[in-house]
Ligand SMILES: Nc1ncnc2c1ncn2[C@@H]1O[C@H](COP(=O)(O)OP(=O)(O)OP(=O)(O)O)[C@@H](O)[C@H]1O
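Single chain ahead, by itself, as structure tokens, in the form predicted alone.
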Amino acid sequence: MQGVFITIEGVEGSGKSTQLLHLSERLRRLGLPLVVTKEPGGTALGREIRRLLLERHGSGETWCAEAELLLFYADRAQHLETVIRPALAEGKVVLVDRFEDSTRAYQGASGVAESSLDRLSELVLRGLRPHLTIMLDMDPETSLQRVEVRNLSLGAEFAETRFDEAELDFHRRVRNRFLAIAQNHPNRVALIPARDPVDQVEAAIWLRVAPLLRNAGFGVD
């Protein structure tokens, strides 16, 4: 049986973690063979890259856009080789929190040229694309309010705040790039309003996931 590759994307604070948890719990209750992972940091080595990317360095030095881009793709190459491709070959459902679309949105919003994104994507992905991308959409003004509450609840030890602290215009550019991806890939991307109640968002996601799983041969109602 062919594996199924599903990604969840969206701006900071759009509810990805919550919806990933709900969807993964539902799939486990159905007894489906499941791998849940994330980017960056879906491997042991990738967790080191995640720390470098998302935490502020003690020196105050920041990554230039090209160096940041290469780190994200180094993480993705390792993730694909050791986690995603093997799981798909074994016929599993692979559920990933952020993937290629996030790089296109965030690093593109940072000024990286599309040609650079295209070259690295071709090198690392080798044509692999998700069967379905759940894209949670929310205006950055609201999403960043959620982020502030979340980060306060996690306490001072939570250090992965570098992108959270970016200016509002950056987050607006990120959202616009996500929306453009959804418009350009309507057969792959399900654009779902994230300001709706959590249970409504969950139901909207399942309406897109269930037919995909049935068509792939997984028995779901």
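When you see a residue number, it is the position in the sequence shown, counting from 1. Everything numeric here is computed off the predicted structure, so don't read it as measured data.
Not on display, but discussed next: the form predicted in complex with the ligand.
- Among the residues 27, 174, 189, 194, the one placing a heavy atom within 4.5 Å of the ligand in the model of the complex is 194.
- Within 4.5 Å of any heavy atom of the ligand in the model of the complex lies no heavy atom of residue 207.
- Taking non-hydrogen atoms only, residue 85 never approaches the ligand to within 4.5 angstroms in the model of the complex.
- When the ligand is considered in the model of the complex, residue 131 lies well away from it, no heavy atom lying within 4.5 Å.
- Contact check for residue 146: a non-hydrogen atom falls within 4.5 Å of the ligand in the model of the complex.
- Residues of 4-36 lying near the ligand in the model of the complex, listed in sequence order, are 11, 12, 13, 14, 15, 16, 17, 18, the criterion being any heavy atom within 4.5 Å.
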